[in-house]
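Okay, so here's just one chain, in structure tokens, the form predicted alone.
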Amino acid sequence: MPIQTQLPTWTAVAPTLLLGLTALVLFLADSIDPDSTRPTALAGISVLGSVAALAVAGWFLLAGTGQEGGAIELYGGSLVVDGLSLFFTVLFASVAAMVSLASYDYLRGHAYQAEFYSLVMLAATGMSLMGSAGSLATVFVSLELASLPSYALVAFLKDNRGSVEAGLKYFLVGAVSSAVFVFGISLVYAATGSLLLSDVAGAIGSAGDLVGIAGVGVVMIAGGFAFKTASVPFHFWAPEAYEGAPAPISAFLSSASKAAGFAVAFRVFAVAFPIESVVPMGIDWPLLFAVLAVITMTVGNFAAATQENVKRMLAYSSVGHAGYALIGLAALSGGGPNGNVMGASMAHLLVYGFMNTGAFLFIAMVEHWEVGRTFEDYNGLATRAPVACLAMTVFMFSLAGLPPFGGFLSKYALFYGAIQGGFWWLAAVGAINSALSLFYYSRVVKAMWIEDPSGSFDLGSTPLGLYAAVMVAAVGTLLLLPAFGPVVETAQSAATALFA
């Protein structure tokens, strides 16, 4: 039975509230004893808060909250709780839990640990709100709530010039992007007279002479989303930020932050700018995203193939994966199987959340061991850390889309959905790019398992938190194999509701 028939309506946002309350508890713990660092307690609070949000969101999703009986609207429709928002909250909370667990070792010896975990929780709260945003005003506020902590987290290593420089660049590019985004919102408001997504959808068809203004507004809003998802041509911040940031934060940004951008883009474009109304007016945003998808996946994969630094390779490959996920918007059409292709993109983002987070956390563990950052530095690493390297192998092959891993199933569903919608050429470009990605992902596996070590490794002690987080990500990636059918069906059902 749906939760809304048993509990007060406001409890539908309980997963988001749990994430926000966890941040406040961490602030409280720090204010009571600011001079003491208790890494176990702080990491424990952060992990428990994330797991609690994950459990509640999963419970609501399975119980049909916001699905059976329609979406739950709060604050005049500014917040919407439905299958899409709960699906993405599961993803955000999962990544936040793994990153918090991994940070237990990564932050050893660092000051301001409570602030670190609080910022992670605040960013996760903003991402969860992005998935629930029912108006363009809520979209902007939640986007900033997710972005501002992220800027600080990238620059968290204050004594590291690369981290500070990456944080500054990320902040400056993000500020420009926010300005473009909010100007686009103002143009849409000028043309439609509303910020509520459902009202914008009703008014944009009668924009009349203001259709040009509305069109420019839609393009500028798409630009804001392109920044958040690290899509070309707004991707150049990603390699710098991911390389300079603490490795757990690189995992957080490349998985959860990217998924948040897609969550809000799916809702805004599907609900506020219905294809049947705006495409005949000349606002062909699916074509815009089709061009972006092709360029993004191609540029990301070719750039990744030329890297010698493993972390930077993963950063560029995340740009390529943004191109795959963009198919969820690019392959939409009037009367097409839109729910199937968008739902497949959502399922791909969930699988990507586990395999990409795990890959970045493996790099964090390698950094902890002071092995090095290039492919050559990884030579023979499997002789000293076989289980961890086996997990990294699962991540690499899954990211490449090799069967039978989760990445293969999610890409297959995505490309099949595009073909069903008549966009076979998008699927073909995606498949070619996926084949190219096998080149650079397999370089990591070859270095770890086949190449002889160039020197002796002195790995020292095993970082328990990092190791556990990598194993959780690996198990999550493998568990998605038998569970992929229900996952993609849930995602497609949630996406279909947007087009009802």
Partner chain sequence: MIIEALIAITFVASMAVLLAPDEWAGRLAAALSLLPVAGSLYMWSRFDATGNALTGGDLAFETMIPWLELGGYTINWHVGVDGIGLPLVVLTTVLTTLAIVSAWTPIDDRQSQFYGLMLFMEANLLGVFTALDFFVWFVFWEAVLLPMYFLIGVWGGPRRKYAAIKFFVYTNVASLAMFIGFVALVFGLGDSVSSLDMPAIAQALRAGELGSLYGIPAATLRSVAFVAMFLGFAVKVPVVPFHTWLPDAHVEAPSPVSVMLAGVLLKMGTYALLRFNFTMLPETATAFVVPIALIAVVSVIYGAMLALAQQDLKRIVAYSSVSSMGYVILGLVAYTTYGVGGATFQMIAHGLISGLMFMSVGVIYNATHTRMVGDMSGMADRMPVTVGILVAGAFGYMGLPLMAGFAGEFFIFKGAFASTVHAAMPLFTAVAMFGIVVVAGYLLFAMQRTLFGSFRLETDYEVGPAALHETAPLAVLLATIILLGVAPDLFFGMIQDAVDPLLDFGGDLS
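Residue numbers count along the first chain shown, from 1. In this text, all values refer to a predicted model and were calculated from it rather than measured experimentally.
We do not show the form predicted in complex with the partner chain, though everything after this point is about it.
Visitor: Which residue, Phe289, Tyr104, Phe227, Phe405, is the contact with the partner chain in the predicted bound form, using a 4.5 Å heavy atom cutoff?
Guide: By the 4.5 Å criterion, the partner-contacting residue is Phe405.
Visitor: Though the partner chain is not shown, can you say which of Ser94, Asn340, Ser135, Ser142 has a heavy atom within 4.5 Å of it in the predicted bound form?
Guide: The residue from Ser94, Asn340, Ser135, Ser142 that makes the contact is Asn340.
Visitor: Please determine, with the chain shown alone, which of 349-357, 85-93, 327-335, 412-420 has non-hydrogen atoms within 4.5 Å of the partner chain in the predicted bound form.
Guide: Within 4.5 Å of the partner lies stretch 412-420.
Visitor: Using a 4.5 Å heavy atom cut-off, are Ala23, Ala29 and Glu115 all in contact with the partner chain in the predicted bound form?
Guide: No.
Visitor: With the partner left out of view, is Ile450 within 4.5 angstroms of the partner chain in the predicted bound form by any non-hydrogen atom?
Guide: Because a heavy atom of Ile450 falls inside 4.5 Å of the partner chain in the predicted bound form, the answer is yes.
Visitor: With a cut-off of 4.5 Å between heavy atoms, is Leu438 one of the residues that contacts the partner chain in the predicted bound form?
Guide: Leu438: yes, in contact with the partner chain in the predicted bound form.
Visitor: Please tell me whether any heavy atom belonging to Val13 falls inside 4.5 Å of a heavy atom of the partner chain, as the geometry stands in the predicted bound form.
Guide: Residue-level check for Val13: no, no contact with the partner chain.
Visitor: Even though the partner chain is not shown here, does Val488 get within 4.5 Å of it in the predicted bound form, heavy atoms only?
Guide: Flag for Val488 set to yes.
Visitor: What residues in 380-401 sit within 4.5 Å of the partner chain in the predicted bound form, counting heavy atoms only?
Guide: Result: Ala382, Thr383, Pro386, Val387, Leu390, Thr393, Phe397.
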